[in-house]
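In the block that follows, a single chain appears as structure tokens, in the form predicted alone.
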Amino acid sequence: MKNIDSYTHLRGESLFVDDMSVTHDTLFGLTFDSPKAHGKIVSVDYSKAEQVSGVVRIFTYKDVPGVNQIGGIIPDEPLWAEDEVHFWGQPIAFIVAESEVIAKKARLLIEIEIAELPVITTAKEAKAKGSFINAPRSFEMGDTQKSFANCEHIFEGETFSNGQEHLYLETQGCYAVPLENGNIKITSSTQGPTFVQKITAQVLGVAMHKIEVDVIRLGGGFGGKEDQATPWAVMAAVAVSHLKKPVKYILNRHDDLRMTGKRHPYESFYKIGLDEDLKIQAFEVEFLQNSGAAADLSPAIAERTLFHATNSYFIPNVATTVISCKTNLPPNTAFRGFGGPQGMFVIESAIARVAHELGIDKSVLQEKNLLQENDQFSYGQIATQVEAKNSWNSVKQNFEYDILKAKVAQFNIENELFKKGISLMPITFGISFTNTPMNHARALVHIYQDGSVGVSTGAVEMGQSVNTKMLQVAAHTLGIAPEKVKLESTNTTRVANTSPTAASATADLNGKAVQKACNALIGRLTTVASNMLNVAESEIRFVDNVVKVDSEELTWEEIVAQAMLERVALTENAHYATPIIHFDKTKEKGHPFAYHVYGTALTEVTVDCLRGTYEIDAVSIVHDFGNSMNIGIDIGQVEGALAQGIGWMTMEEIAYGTDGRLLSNALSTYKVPDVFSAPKKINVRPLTTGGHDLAILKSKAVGEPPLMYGIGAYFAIQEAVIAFNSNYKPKFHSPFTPEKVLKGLYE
């Protein structure tokens, strides 16, 4: 089945927040933000801005009727700055005007004086100054100190992985409209409708039922609209509560880049020990997470880093610690992989360092240490249905790794100014929110009198085709044609108290809820059909819009019509909570994941050793989709995630000045992969497995895991550099930009 949005996307007819029809009295918002990264606000003069014709009002923290606080995990982030600013781009005021042009004109006239304070931009500096978001977290297994004493090979080093801009095609935005009795409806571009509802109610000092949040679809999210879509919606709602008029706010690209957080940069320090058989016996890491000026989702992201610190390898003795460091950057936030990629980069770097120092092939070390059935992760969960070696061997066999390796070696002998490199990148990624209480979902399903069906869930459609999958689940379970099913927008009045669309768990959680609701409806209709046909309920099967028993046939519509006459409930609201999972944070042990996704990527690159540029020749992947319910969509997700991962590892370089100002503030200074930097060939093959019972229809989650395949590009490029310059010392400092490659080629 194709993506149900493809037709309207292609024709430009799909609706996003900015496409909504607005009423004639709609006003437009714009944020006035801090021009300094840290300092005391001495004075702000709004008088000239307020005198601009068409400016309706400028809102500040003084206009908040409830609590001036939008922090989720930790309440440490004001909606609007009060006496002090903590990052360049921090919202200070909200201009509401008759047009966006007028608001922009007014913003230029606001005069502010800030007494500057010291600025921290790196995690190392924050640690040295004792600037932290919260207490460190640590996972431990075995005894690393005793193990190191018995290791044949021990290496220590450090790594750096930079941040990454989400660069969703649709910027942040919302449209807030006043309703009767003080109620407000917000159409928001958010991954977390309930969070927007909750925080808006908190800031306005009203009950949550006064706030309705609706999401049509997003033009991309990647985690950047999980928490960080919230402030803009809340600002608009505050204005609506005062003015009693609709307010629309769509951020322009430069404001979005400047004011929003990115993927967290990490500075990490590792120690790894191996025995004489090259089995990793001990692994220690200290991760320094650059959290930015407020917590946002940093503590949860830090936790996910610990969960994936050993990637696809079994290591009996592990000690990992993550420290969330407070800096004067915009609060960093969720990004596809949610801290997992940063953890995986460190273990892969450590293994690459060992291989380089010992003069052996990195893949030999990787293969020797791959997870096996019933191995234990450092957080206590036992690995079951492990596909690490299966995917690894499938890549080597299907894509003729040994032959490719020989061809690369021969190419490097024959070519002086071009060198090739290859790498294998295994992945193991846990599926579930690591915060156990978040693993739940609801679905509301209506069967209408004519047999058509409406489905509402807590899942937000943001290009990953979750609506298509929800439609498939409903049609499959009800035994009807997909054309009879409509997916409604995501709305807090229809499906309340939802978890955000994140953690790659959305299809599983919401799909199971849809399945549960549809099964309940089928149970009732089965009774109706059995009475109509005078047969046992066990003989009733809903397939292809009909029920057939011997020579008799009833259409779906006939059964629904009879159910109406018999006053049978044709609406069901189902709740699903993932079973089995649990995690004790006091012990840092448990079974946090419903299952794991596995896979392996083989990456081949060619480096131009005169210029430092490179091309990704091919990436060949064997991926664990389980029993995919939509292989076309799933392969598309792998390809997109791969490109995003390659971008993070090779070219997307976030740069801040020492004064905390974003330097990579436009697409001329921040480079994302285009058609020329994407792999020339991408081969994706499904791993043959039976799937997992906790995955919807045994079709495993696919959103985040493939991003980590992009890490393989870094190490393939590194191999090519080493082939040209035997004196090169691996740095493990990403992204591996052409500038860094050029320096490495000639150091």
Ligand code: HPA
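If you're wondering where the values come from, they're calculated on a predicted model, not measured in any experiment. Just count from 1 along the sequence shown to find any residue number.
Missing here is the form predicted together with this ligand; even so, the following discussion is about that form.
By the 4.5 Å heavy atom rule, the three marked residues 363, 395 and 602 all fail to count as contacting this ligand in the model of the complex. Heavy atoms within 4.5 Å of this ligand in the model of the complex map, among the stretches 666-674, 318-326, 499-507, 180-188, onto 499-507 alone. Remark: residue 434 counts among the residues lining this ligand in the model of the complex, judged by a heavy atom distance of 4.5 Å or less.
Among residues of the shown chain, residue 304 is one whose heavy atoms approach this ligand to within 4.5 Å in the model of the complex. Although the partner is absent here, residue 232 sits far enough away that none of its heavy atoms falls within 4.5 Å of this ligand in the model of the complex. The closest non-hydrogen atom of residue 297 lies within 4.5 Å of this ligand in the model of the complex. With the partner removed from view, the residue among 81, 520, 438, 568 that has a non-hydrogen atom within 4.5 Å of this ligand in the model of the complex turns out to be 438.
A heavy atom within 4.5 Å of this ligand in the model of the complex is found for one listed residue only; from 338, 283, 287, 648, this is 338. In this stretch, 224-259, the one residue having a heavy atom within 4.5 Å of this ligand in the model of the complex is 226; the partner itself is omitted from this view.
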